[in-house]
Each structure stands twice: as structure tokens, then as C-alpha cells.
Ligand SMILES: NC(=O)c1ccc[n+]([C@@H]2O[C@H](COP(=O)([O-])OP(=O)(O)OC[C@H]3O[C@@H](n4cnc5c(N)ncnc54)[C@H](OP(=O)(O)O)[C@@H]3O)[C@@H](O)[C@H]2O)c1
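A lone chain, given as C-alpha cells: the form predicted on its own.
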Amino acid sequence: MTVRWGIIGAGDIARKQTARAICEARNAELTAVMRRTIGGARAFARQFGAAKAYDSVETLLADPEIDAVYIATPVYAHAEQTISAAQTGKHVLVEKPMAMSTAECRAMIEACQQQGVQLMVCYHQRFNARHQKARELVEQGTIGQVTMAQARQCFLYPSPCPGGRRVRGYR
């Protein structure tokens, strides 16, 4: 079965990570994208081979050819968009943070449960092979009883990156 995806908030994070992952997955198809401007949506759709481009959340959610949505909009919109997606029978992968409050999170969970759709927060590191191996070693008792753990993770950012918020002051 192929999952037909729609992206709500086809911006930078979707461009750099999720759209490509959807396109490369054997059981997924990027069907539609939504941005605030139709020109931006069409350009994004062309870049990733999506058949449809929208400039409103409601229109994308009304599309019967979309099974699941990836929500990558500002966090203040996550709850409303997730609940709307659930009400239209769409599964939801929402960017982190999940919502603005625990009350909003609970409402999102409840809406998805009531509609029988899946809800997942995009904590991609949960599936990191190294993290899964560490968990396995702890659960099996291979490394003894763990009383404390500390981890550091580094990413290589392109240099120079003029104005990049993560590399300001970097020499």
C-alpha cells in the first residue's frame, strides 16, 4: 500500500528533510503541497514531483487523494491543523514541538483517536540506529544497570553560512 502524502507548510524544513524522505520511501508518494502563496506551492511541488499545489489548508485537507499529512507550520497552528486533518480522516505527522500547551496536545490526541487516524510527532532521532542500539543494550542488561547517561550529538553545518543563526560568531 502506498501512502499518499500532503505537506502543510512546504517551507525550509520540509524542503531539506521530509519531502525528500517521502519521495525516496518505497511505500509513499508526495501527492500535494501547501504554502501560503500558490506560486511558492507550485515551485515546491515541481521540485519534488508533487501533482498538486494548494495555498490553503482547507483545500488540501478536502482532497480525497491524500491519506496523510505532514504539518510543518509554525507551532501555534499545529493543534487546529491536526484536529482538522483528523476530522477529514487524514493521518498526521506533526513537527515538533507538538503544540503550544498540554491541553492542545490532549485535544490533538483525542481528535485523532476519535477519528481512528494515526498521530505522530516528528521526533526523528527516535529511530536513529545508534539510539535504538543503546536502548536495546540497556533493556537487555548487556551493559549493567544504568544509573546515568550523557550523550552529545554534533552536526556539520556548511561554512561559511552568512547570517546563519547556528553559526553566528563561529570562526
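Residue numbers run from 1 along the displayed sequence. Source: prediction; values computed, not measured.
The same protein also exists as the form predicted in complex with this ligand; that form is not shown, yet it is the one meant from here on.
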Taking the shortest heavy atom distance, is residue 131 within 4.5 Å of this ligand in the predicted bound form?
no
Just to confirm, residue 33 within 4.5 Å of this ligand in the predicted bound form by heavy atoms?
no
For residue 21, is any heavy atom within 4.5 Å of this ligand in the predicted bound form, or not?
no
Contact of residue 89 with this ligand in the predicted bound form (heavy atom, 4.5 Å):
no
Would you mind picking the one in 57, 50, 108, 66 that has a heavy atom within 4.5 Å of this ligand in the predicted bound form?
57
For a quick check, can you give me the residues of 88-108 that have a heavy atom within 4.5 Å of this ligand in the predicted bound form?
95, 96, 97
